[in-house]
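First comes one chain, alone, set out as structure tokens in the form predicted on its own.
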């Protein structure tokens, strides 16, 4: 079985659905597939807001947002990409306001921002941005949505990607042929034991792209969120804005400690705060530190952070009185499939957008709340590029790319729970907040000697190889054997499969 669409979008987060909406409104037929329900990507759980310079906030300046982004990126941001994306941000925010999103009137301060410039919808901004997109695409006759469906291989016709082979939850396999195929699959943080993301984010898009010959960049830069609440169940993220608004980190002896690690204290970049917490946990021989939010009354907490407050309350913590145990967890993958500003990869017909893409916006460390910003801005550039290009439907159908088609699917590896746990253990051991050559090599060797094949294993191997290549410390990548930044590593770490020539 096969079908043809103008565009195939693999993934259903804000970036993917926003693109589907724009293409369908222009008359294109779009097929969207999602491994689980369309609501179950990272977008739904994003508490943080949208970082934007707004006419509502005249004290802030675009130049300041650009500089803050470049500073956080530690020399690896593409300055032209940064300027282009940030200068188009407010127009895209207004677009979502037009779709019915009601942002809070106040702007918030988050780590390493020079001004209060982060727009929130309470502490559930991702859910608020996702809802109008879901409402829109679900009633658009140009869009077909297949839930519980994963891509097991991209289809190639000579040097171009022309769709993908998909597999449903019931085991049905079918091909979708498309003039353009867009990967919007998110990151791979769930390959760690402790992570903030839905467990379906195992890096599928990166594996699919790599096997088709696409270039991947900077996979070593994996951002850990500093403040994640653990209570014997799924980790629960405590938004950056909480520290921006005045919450304080304390060790198990209830002593504040961030001032000793960085002059910005709680408002330092996430890589610095995460390493400080890890070091403090080591010093105090504890599994966590505390986040002190007792500066607010219960009423204030319920108004400012309703989801956070009530989640913690259900776990037995009254944040107006109790210190909350937190520690870092894998959160956001900065590296990904190499694309330009229009989402184009080095393979004809293949695009990437959102967390699975690397454009140069984030560099070596993502500035807080620039990710939702990316998800609402980049689809505009990609849609304009696609709609401005003449595509001809090929009479030749594509063939599955080698390697990935034979790999275990997400559900198969999920059924073999032990395999996934082993990969998570290896990632946590060797590619955590602090790395070194011996651990990286040992863990990579363990991965290469595993018997099962899967997209998850492939992505893990590629991330280790990237981390070994960068013999320095920069942004989210900290090597204890190379603890300082090195100007010899100002380039991006490129990983690309050698394809056979005919």
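Residue numbers count along the first chain shown, from 1. Every value quoted in this text rests on a predicted model; they were computed, and no experiment measured them.
Missing here is the form predicted together with flavin-adenine dinucleotide (FAD); even so, the following discussion is about that form.
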Review point. Taking 4.5 angstroms as the cut-off for heavy atoms, does residue 370 touch flavin-adenine dinucleotide (FAD) in the model of the complex?
Key: yes
**Study point:** 4.5 angstroms heavy atom contact with flavin-adenine dinucleotide (FAD) in the model of the complex for residue 15
**Key:** yes
Check your understanding: Closest heavy atom of residue 335 to flavin-adenine dinucleotide (FAD) in the model of the complex, within 4.5 Å or not?
Key -> no
Check your understanding: Applying a 4.5 Å heavy atom distance criterion, does residue 462 contact flavin-adenine dinucleotide (FAD) in the model of the complex?
Key -> no
Check your understanding: Quick one: in the model of the complex, does every one of 45, 197 and 237 get a heavy atom within 4.5 Å of flavin-adenine dinucleotide (FAD)?
Key -> yes
Practice item. Pick the stretch from 372 to 380, 79 to 87, 92 to 100, 211 to 219 whose residues have a heavy atom within 4.5 Å of flavin-adenine dinucleotide (FAD) in the model of the complex. Key: 372 to 380
Review point. Here the chain is shown alone; which of 247, 201, 426, 176 has a heavy atom within 4.5 Å of flavin-adenine dinucleotide (FAD) in the model of the complex?
Key: 201
Point to revise | Heavy atom within 4.5 Å of flavin-adenine dinucleotide (FAD) in the model of the complex - the one residue of 293, 289, 151, 182 that qualifies | key: 151
